[in-house]
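Presented below, as structure tokens, is a lone chain in the form predicted alone.
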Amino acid sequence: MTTNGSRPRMVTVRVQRFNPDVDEKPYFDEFQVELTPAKTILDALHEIKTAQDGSVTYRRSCRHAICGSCAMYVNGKNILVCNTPLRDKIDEEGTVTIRPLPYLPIIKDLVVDRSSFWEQYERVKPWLIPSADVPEKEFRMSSEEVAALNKAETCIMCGACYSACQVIAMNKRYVGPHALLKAFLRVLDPRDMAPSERLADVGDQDGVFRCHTIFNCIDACPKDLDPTKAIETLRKLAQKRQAFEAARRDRQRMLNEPIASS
């Protein structure tokens, strides 16, 4: 991309730097990067690290079948830098400002410690707890049930919603929208045998009732998921857990039966 058909247009990329071993507080370094039509923010970081400053540190596993690790705070919003064009984030001063995800301890530069993120994820037991009575061929689920599960299952665990949540900023004991979305996935899965246990686990003051319904998690999600709606659903189900558990038992008795076609 050139200016007046001759000189390449240069963009200032401001990268927050911080090494807790030597720095008292974070600071910014500025780098000049040529703007080209296909260049993403991750491409710009690669260029900076390769050609300008090899000490710039960031996390990514992009294009290695592990999506979600390159979430960063760019111009005031959590995004995935691997699929965000650099040109889309240039401000009026011709600058793109990159910070690490908020509310999480910084390991170095743009790399944050996600220990609390994964601990809360594990807390909700995100794996399926199936019935011992497994059908010979397949579980018979309705198309509506499959659609609901697929929607939640597209979460890539990037941490964007978790880091955007203001409740997390105040209370690291809060389960978080990412984990509650996975709990929602399992609670609504008719094959799962522990909906009552799951609802009991998330139905406390560090779970679904801690959410302030600010919707930051929805704005931050790069997959356009709706953790807030999932949390509201879990909240309602937690309030009538016993009735839900009875309905689940009735539904499981029909899992081996063919779905009636209309």
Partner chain sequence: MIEHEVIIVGAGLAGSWTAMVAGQRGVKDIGVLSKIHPLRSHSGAAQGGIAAALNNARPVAGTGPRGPLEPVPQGEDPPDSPELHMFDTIKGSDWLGDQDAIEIMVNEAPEIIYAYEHMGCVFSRLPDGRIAQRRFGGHSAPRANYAADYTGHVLLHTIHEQALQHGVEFYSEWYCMDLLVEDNVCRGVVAMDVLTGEIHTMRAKAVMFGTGGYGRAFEVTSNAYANTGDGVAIAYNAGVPLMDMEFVQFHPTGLYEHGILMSEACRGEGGYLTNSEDERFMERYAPDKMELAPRDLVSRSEQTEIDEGRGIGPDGKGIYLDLRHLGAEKIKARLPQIRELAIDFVGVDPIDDPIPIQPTAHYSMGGIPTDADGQVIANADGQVIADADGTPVVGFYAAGECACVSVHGANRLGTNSLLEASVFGRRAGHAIADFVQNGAELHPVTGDPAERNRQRVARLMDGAGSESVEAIAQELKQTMTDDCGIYRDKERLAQAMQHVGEMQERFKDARVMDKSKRFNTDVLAAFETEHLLTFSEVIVAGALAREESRGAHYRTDFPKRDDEGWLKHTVAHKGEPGEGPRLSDKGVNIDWDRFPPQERKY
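It should be emphasised that the depicted structure is a prediction, and the values quoted were computed from it without experimental measurement. Numbering follows the first chain given and starts at 1.
Heads up, the form predicted together with its partner chain isn't pictured, but that's what we're talking about next.
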query: Heavy atom within 4.5 Å of its partner chain in the model of the complex - residue from Asp53, Asp29, Glu197, Glu34; finding: Asp53
query: Heavy atom within 4.5 Å of its partner chain in the model of the complex - the one residue of Leu188, Ile90, Cys82, Leu104 that qualifies; finding: Cys82
query: Touches its partner chain in the model of the complex: Pro130 (any heavy atom, 4.5 Å); finding: yes
query: In the model of the complex, Asp250 touching its partner chain (heavy atom, 4.5 Å); finding: no
query: Non-hydrogen atom contact Glu24 with its partner chain in the model of the complex at 4.5 angstroms; finding: no
query: Partner contact for Thr95 in the model of the complex: its partner chain, 4.5 angstroms, heavy atom; finding: no
query: In the model of the complex, residues of 107-135 near its partner chain [heavy atom within 4.5 Å]; finding: Ile107, Lys108, Val111, Arg114, Trp118, Tyr121, Glu122, Pro126, Trp127, Leu128, Pro130, Val134, Pro135
